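As structure tokens, one chain now follows by itself in the form predicted alone.
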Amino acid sequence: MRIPIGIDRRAFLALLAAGGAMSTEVRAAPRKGGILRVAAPTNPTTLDPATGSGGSDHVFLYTMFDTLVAFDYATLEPRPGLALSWSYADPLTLVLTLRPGVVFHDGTPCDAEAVKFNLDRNREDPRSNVKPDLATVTSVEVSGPLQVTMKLNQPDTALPLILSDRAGMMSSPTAVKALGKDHDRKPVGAGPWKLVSWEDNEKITVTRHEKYWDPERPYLDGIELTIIQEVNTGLRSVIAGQNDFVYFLSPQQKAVIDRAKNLISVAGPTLYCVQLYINFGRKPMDDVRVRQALNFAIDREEFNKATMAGLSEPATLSLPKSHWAYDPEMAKAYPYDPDKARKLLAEAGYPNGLDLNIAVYSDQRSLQRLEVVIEQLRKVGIRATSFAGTIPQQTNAFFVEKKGDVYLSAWTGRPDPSLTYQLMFGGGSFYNASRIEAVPEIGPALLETRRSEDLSSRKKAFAKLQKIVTENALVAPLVFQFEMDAHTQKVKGYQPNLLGKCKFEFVWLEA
């Protein structure tokens, strides 16, 4: 079996040995009809791709929004989406040729004018959280009824894959103008399904978009995503037949799936990194020595064993070992060294340790991770307190309200690695709680990663960027988590993807 990019081979084989497997099901003669019932562990922050802030939102967004560029599930290579093709007319000009006959859920056309509206809104709207994604775009022009020309301020080879994420999800201009902020809860996209209702923290229901551009899809009449925060409860709901599909399970739950004879497990590699976000714009985290001490204090191997049954990849960088942009030299920067951590704290003026406040999710799995982290930090003199809440609550608290010094959360990965570094460390980026560039070299280094289409040149640029981020300890990665899902026998055609964010576009239900 070929191990896809972004996965540690030994850890993946260990998961297979434990009985997990990537889905290799052949989608033969898919049947139309039926409602897929999904147990979802999170409530979305919003259902507008431009204004939302949670990486877990994507599972909901993918049902309602198509992207300008799609991606291959296993490799994240760009594929045609709402744009049939794209090309660089010159290093500063990207031209998109759009798919004909696409309409939004409200019946209005998804043409070049609509795409320009969306890209301009994503770049300029005060409420947009995807502005950094399009920082290299200076203007968007309608160059034909189905052609859009993007002018750039520097060469940017990451743009096609950037347009496979939130920045490339198209909303109806008519709906956005009419609804304003209400579009957060009443989105109108051009995806396979359209919104029926959102009962906050309870259920999101979507139904078939009858005028979808692909007449063969979607296969499902609709999807009901029931919010069940505890994944153990979500798994039990599938075992009991109340739901058909549950995602974001932990490796420890594989044994439960195996005992339930009516379930099929699906496992796959992802870029999902459990980590400690750091607000490096406030004391004491504005001191690089404190941030470095935090990284030396973490025993990642032990964390993996205690929280992931040893079946995940310990993380020292924001990219996994098999990723093409991974730098093995920088990965050696923070071995577990509590003596070094204590020494750095003393040099920073904290010979007797310090107090940190950690934001965390309130589900059982996250609280278990928190206990392990707190105990490891205690051993070097870091006294940690915490406050818990749902993902939307804690994301808002840490990144908007600036509560907490550290956030035990996760980075869900992006199709192009430049986005990962831009969104977490770029000045003004939402997932950079400080909103500042910790060191002035980050901006130019980020731009350098997007200048060339040559992979070897990009790899060198990423090595420089990773060196800056790592030496300044701007984050504390812990482990890369595998996708683990379970579904009933009647669910067919599901395939995991490297982002670890479920897409149901090819799913169908057996009669």
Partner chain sequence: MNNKGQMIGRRLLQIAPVIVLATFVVFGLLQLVPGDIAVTLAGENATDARIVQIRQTYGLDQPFLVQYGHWLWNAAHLDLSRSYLSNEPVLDQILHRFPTTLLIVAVALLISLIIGVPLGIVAATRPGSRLDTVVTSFASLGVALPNFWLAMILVATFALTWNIFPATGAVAFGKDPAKALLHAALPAFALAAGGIAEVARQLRSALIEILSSQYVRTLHAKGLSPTAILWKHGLKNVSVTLLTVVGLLINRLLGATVVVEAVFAIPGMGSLIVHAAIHKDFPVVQGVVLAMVVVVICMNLLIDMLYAILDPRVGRT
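Numbering follows the first chain given and starts at 1. Just so it is clear, the model here is predicted, and its values are computed rather than measured.
Unshown form predicted together with its partner chain; subsequent notes refer to it.
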property	result
Stretch in contact, per heavy atom within 4.5 angstroms of its partner chain in the model of the complex, of 332-340, 92-100, 193-201, 312-320	193-201
F280: touches its partner chain in the model of the complex, heavy atom cutoff 4.5 angstroms	no
Exercise: G34 in contact with its partner chain in the model of the complex, heavy atom 4.5 Å	no
Contact flag, L84 vs its partner chain in the model of the complex, heavy atom cut 4.5 Å	no
Exercise: R185 in contact with its partner chain in the model of the complex, heavy atom 4.5 Å	yes
Residue (of R383, R259, K379, K181) lying close to its partner chain in the model of the complex, criterion heavy atoms within 4.5 Å	K181
Option touching its partner chain, based on a heavy atom within 4.5 Å in the model of the complex, out of S409, N304, Q292, N129	N129
Residues of stretch 46-63 in contact with its partner chain in the model of the complex (4.5 Å, non-hydrogen atom)	S53, G55
